[in-house]
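Below sits a lone chain in structure tokens, taken as the form predicted alone.
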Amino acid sequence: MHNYKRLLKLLSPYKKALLLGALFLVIASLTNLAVPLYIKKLVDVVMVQKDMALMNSLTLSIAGLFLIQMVFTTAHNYLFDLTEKRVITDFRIKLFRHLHTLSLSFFVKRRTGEIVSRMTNDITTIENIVTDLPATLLQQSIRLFGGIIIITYMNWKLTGLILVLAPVLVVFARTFGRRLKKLSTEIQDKLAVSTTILEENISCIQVVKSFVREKLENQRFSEALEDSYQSAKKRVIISSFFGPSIGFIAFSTSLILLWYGGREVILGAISPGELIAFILYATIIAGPMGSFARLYARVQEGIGASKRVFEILDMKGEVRDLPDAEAMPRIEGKVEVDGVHFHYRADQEVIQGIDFTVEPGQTVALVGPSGAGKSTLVQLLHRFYDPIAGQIRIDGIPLESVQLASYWRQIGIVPQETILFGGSILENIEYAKPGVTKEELIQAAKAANAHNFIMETPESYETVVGEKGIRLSAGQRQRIAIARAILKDPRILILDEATSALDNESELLIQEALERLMVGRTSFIIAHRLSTIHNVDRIIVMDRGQIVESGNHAQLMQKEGLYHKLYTLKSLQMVEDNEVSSDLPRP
């Protein structure tokens, strides 16, 4: 119940509405308890006294009680249901905000579908118990204990028959409730698997179609859903048996009460009105008993779901601000990497004791074979991860000692695979600087060689780019990303060169834009096409997590080391590609 108590804390901002709703619920419940007493009098008046005027008066009184019950129940439902929706909305927002505090490693280790499932399926399950549980407990408690007090006063013998049920229902509910909790958690886990497959297929649909793997993906998705269905089937079997069993026990008791009460009427021990009232109260009492049992099962399901959600909320980002972290002052651009080690897994070190210094405004290219550690190094420079050992300093200030946001505001990255948000071109560019003027935004687009193609689109800057920018070409997406980086005006720039997969015209336009972007900034380039880095200030050659060579293009070519080998291989590839291209038939 610890997690449920945490859920209840979400209700505290809405105490006034809940207290008022609870008051309305109490009035409605007490009115419900008063109705059988009036019915008792009405039955006795009809069957014993045969008083027409009194019968009419009692009928109007009962109608008045029903009206009062309806008004206050409606008011209670409105206040509690509205509060429930507000609380769940707040909870979703809280979880979404918390996701943004987690480090990149969290998202690398988790599949997107699993996170989406916890944000949707699990919270929907929790929604069913947040305010409904306290309201039901209050309502049914009033009916149960109020009914027991009244019937005990009316006839203690009949009351004893009803109370025999309580231990049976408690044992029944606990036994099946535990099983339902386990199955609920199991179902949510399996739903997360199917959600993950769905998300992967939507985002990778081109790959699926290209490799003609629709049959495989359909099979994967069907098997995941079938697995979830089998667990849901077990829960349905238990739930289907659970409710009717409670009903059977309640109806059996009602039948025994009717038989025993009828016997008492025949013997003259009680009046017909008392028997009818007693049966009504027995029904009122049986309702809460069955409700408590069903509620226990729902609570177990909700707790299972809340456990998965709070597991995320309890996580802390591996990379986060220290308690005494201070804001990063304006960066000049000196970068010092001192004895840095890093690994994703303890048995496989990715970066092994790297040392280098970059002066403000210099452009450095990172070169090396696949798996050399280039991307990991720039992830460390961006502080998406912290080194396992060693230190990275910016202008002499250790990165771990500054506030993350103050550093990230002054560093920019243009990744190899540009992903845009699904809104308009304007929204994607101004993402870097909210509230920017249209003139500034257009200047950034022009500097990125993006303005001309934007003006040719159907709605210019208001053109919607589609999910991840799918409606634009790779070169157009890249230029929008560069415009976004220009608008941010970072002091340190990281470029994962993405011109190798573009046509010559797009590559030329992007290369020009990147050169404008790098002016006056300390820049790091992960170089895939080595012919584009002839003029950089320094080339760092990496292999197996270590720096094996460092210098400019001419110096490294003279050494005839790894850089010379890579450059020669790339040059031969380019020649072969050009020869193949020239041999292709022209349209």
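A residue's number is simply how far along the shown sequence it sits, counting from 1. No experiment lies behind these values; they were computed from the predicted model shown.
What comes next is about the form predicted in complex with a small molecule, which does not appear here.
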Is there a non-hydrogen atom of Leu216 within 4.5 angstroms of a non-hydrogen atom of the small molecule in the predicted bound form? no
Consider Val350 of the chain shown here, and say whether it contacts the small molecule in the predicted bound form, taking contact as heavy atoms within 4.5 Å. yes
Heavy atom of Tyr229 within 4.5 Å of the small molecule in the predicted bound form: no
Would you please decide whether Val108 lies within 4.5 angstroms of the small molecule in the predicted bound form, comparing each non-hydrogen atom pair? yes
As a check of understanding, the residue in Gly262, Pro369, Gly390, Gly361 with any heavy atom within 4.5 Å of the small molecule in the predicted bound form should be identified as Pro369
Which pick from Gln416, Ser473, Thr283, Thr457 sits with a heavy atom within 4.5 Å of the small molecule in the predicted bound form? Gln416
Location of the small molecule contact in the predicted bound form, chosen stretch of 406 to 414, 70 to 78, 375 to 383, 119 to 127 [non-hydrogen atom, 4.5 Å]: 375 to 383
